[in-house]
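Next up: a single chain in structure tokens, the form predicted alone.
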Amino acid sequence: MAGVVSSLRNSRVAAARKLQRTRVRRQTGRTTIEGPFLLEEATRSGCVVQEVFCLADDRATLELCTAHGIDVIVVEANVINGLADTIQPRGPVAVIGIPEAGSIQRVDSIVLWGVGDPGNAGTIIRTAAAFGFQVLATVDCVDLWAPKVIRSGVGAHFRAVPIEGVPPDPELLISSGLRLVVTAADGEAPLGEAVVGDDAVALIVGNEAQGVPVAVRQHPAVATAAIPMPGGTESLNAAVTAGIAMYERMRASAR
């Protein structure tokens, strides 16, 4: 088929492949998404889809791109394999502009404090979108617009655009009108009690290995809260912890 790109050295393919690097994503303000669902979510949200790479027989993607005026490049399967970061990619792969996040608002928030696992980060964003929470991430957190994180978020990035690069300083969040609650196994109060109140709460979830830094936990304006675990488990996965914390806060706000 004439016009079908088969080389990974094609200039547009090569440029898109470079977006697999965090540094390039941050320099260019672009990233890639994979699969028909994420492409539909991106277009529905008004996200800027700059170009789409798809197979010649992917009629649904070709029609979607035509309907939205999106530049489409028809490629061979080896190109899709080179652009995607999954083992058996479906395609299409799209290059999007990373949406503008805006500033920190005085609303219930989930704070990813040094969270390093892409799956955890994406799942937390997905849960935050479901519960209507603002998503904040410190500078040492995993890149929230990495393809693996976006895939784990299942489209939630376009509904709850995360605010990245937040300095790891509790005072910044406090000055934004947020009451800080850290989830910890040795928390001073049960989670259900700690999240009660009319003021906006920022629930802080720490790095999978180190947790939330001691200096943050010991800050005089920071409360620590524990999730009751009668089964005796020492700790929970970061994404599970975040989901429980957001749910408890949502329940408390509805009372």
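All figures in this text were calculated on a predicted structure; none of them were measured in a lab. All residue numbers are counted from 1 along the displayed sequence.
The same protein also has a form predicted together with a further copy of the same chain, omitted here; what follows describes it.
The stretch from 23 to 31, 185 to 193, 51 to 59, 211 to 219 that comes within 4.5 Å of a further copy of the same chain in the predicted complex, counting heavy atoms only, is 185 to 193. Shown alone here, residue 10 lies farther than 4.5 Å from a further copy of the same chain in the predicted complex, counting heavy atoms only.
Heavy atoms of residue 67 never reach within 4.5 Å of a further copy of the same chain in the predicted complex, leaving it off the interface. Though the partner is left out of this view, residue 239 does reach within 4.5 Å of a further copy of the same chain in the predicted complex, counting heavy atoms only. a further copy of the same chain in the predicted complex is approached by residue 129, whose closest heavy atom lies within 4.5 angstroms of it.
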